[in-house]
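Heads up, the chain below is alone and in the form predicted on its own; it's given as structure tokens.
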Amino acid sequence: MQIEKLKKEFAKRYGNSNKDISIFFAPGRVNLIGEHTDYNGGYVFPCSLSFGTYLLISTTNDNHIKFSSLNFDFTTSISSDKEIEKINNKWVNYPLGIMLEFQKRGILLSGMELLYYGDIPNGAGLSSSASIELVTSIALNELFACDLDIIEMIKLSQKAENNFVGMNCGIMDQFVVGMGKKDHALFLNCNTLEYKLIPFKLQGYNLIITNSNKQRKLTDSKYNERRAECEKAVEYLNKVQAVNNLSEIDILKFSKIQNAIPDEIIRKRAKHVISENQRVIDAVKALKQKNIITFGKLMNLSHDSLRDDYEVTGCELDILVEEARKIEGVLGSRMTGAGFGGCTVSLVKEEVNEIFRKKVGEGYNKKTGLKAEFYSAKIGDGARKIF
């Protein structure tokens, strides 16, 4: 949606088109490989996207903080003088959680009018939540001259989602939304937060994101259960080797000590995380060597592990991947995000883009009755002020 249209909508909702309005943007993200490794202290390889969340914001002379969105009907107003509280399961909990984190740092907020608009498909697993969190953090930091650096805002955004919203996510989403760069993917160690921006230029190939349109609410899903299972695996492994998280163990070492985990399910969860961590390292190496074929194979292995060992794919995502892999010119296809619905990401030869969309769409609809949506993944910059 064009900026001028957003400004007109802001004036329509809040009055006075001559107000001093600031506009901020934070992207969505897609993870290329490295799923469910972030909260296990492992490696991930995501990139920020060209679409995301816009925030139009203006300060007022009263103590009312007003929230509105073009994506949701729910609107509300709270007092800046009171400690912020959660409002049922509404979308405003994401910005509210950010504001609470600012309050905890002794930052006094005043009256504001906020209008959000996102062109990230809701529930698609492309991190609309982190996008909302970072665009709010960037805006508050600027408007109230807080002088927080981007890493601090990334950390407080994750904390807001963990503690206020109730989603026990790792730091990957917030990090790449805050630190992404156009035409680069981000190789991140989630334990140390060391990162490298890797040029991502796939000559002759495109990344296509396919939305299953199978909606899922992560806080109601088995996401938190998987995290607890990984913590249990660490507890078992500590009986034979001192470790803080699963990513401290390489796949060779795990093969020798895996029987310290008596529960087969817990063992499978650990196997996925440890093998996936190695796949990220191998994938970055392959990309640097311009070995796109190997990169695609590692994407396939990642999905298979998420399906068989971590069990977070579900039939819809599996069908999308199966249909994609049937097409000549598709080097790799995998689920991306937390799973339980959402999207796949596929590495597709440019000449077969339209064939891919047609055949995958038809095959998926025939088997599920659902209509898939397709997006070309254009890699953009991280969260920022537009003007």
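Heads up: residue numbers just count along the shown sequence, starting at 1. Just so it is clear, the structure is predicted and the values come from calculations on it, not from any experiment.
Just so you know, the form predicted together with alpha-D-galactopyranose (GLA) exists too; it's not on screen, but the next bit is about it.
If contact means any heavy atom within 4.5 Å, which of 356 to 364, 324 to 332, 29 to 37, 57 to 65 contacts alpha-D-galactopyranose (GLA) in the predicted bound form? Stretch 29 to 37 is the one.
Report whether the minimum heavy atom distance between Gly170 and alpha-D-galactopyranose (GLA) in the predicted bound form is within 4.5 Å. Output for Gly170 is yes: heavy atoms within 4.5 Å of alpha-D-galactopyranose (GLA).
Quick one: is Gly337 in contact with alpha-D-galactopyranose (GLA) in the predicted bound form, heavy atoms, 4.5 Å cut-off? Within the cut-off, so yes.
State yes or no: in the predicted bound form, is some non-hydrogen atom of Tyr195 no more than 4.5 angstroms from a non-hydrogen atom of alpha-D-galactopyranose (GLA)? Taking the distances in the predicted bound form, the answer for Tyr195 is no, it never comes within 4.5 Å of alpha-D-galactopyranose (GLA).
Would Phe144 count as a contact of alpha-D-galactopyranose (GLA) in the predicted bound form, using a 4.5 angstroms cut-off between non-hydrogen atoms? Because no heavy atom of Phe144 falls inside 4.5 Å of alpha-D-galactopyranose (GLA) in the predicted bound form, the answer is no.
Which of these residues, Tyr223, Phe254, Tyr236, Phe200, gets a heavy atom within 4.5 Å of alpha-D-galactopyranose (GLA) in the predicted bound form? If I apply the 4.5 Å criterion carefully, the residue I get is Tyr223.
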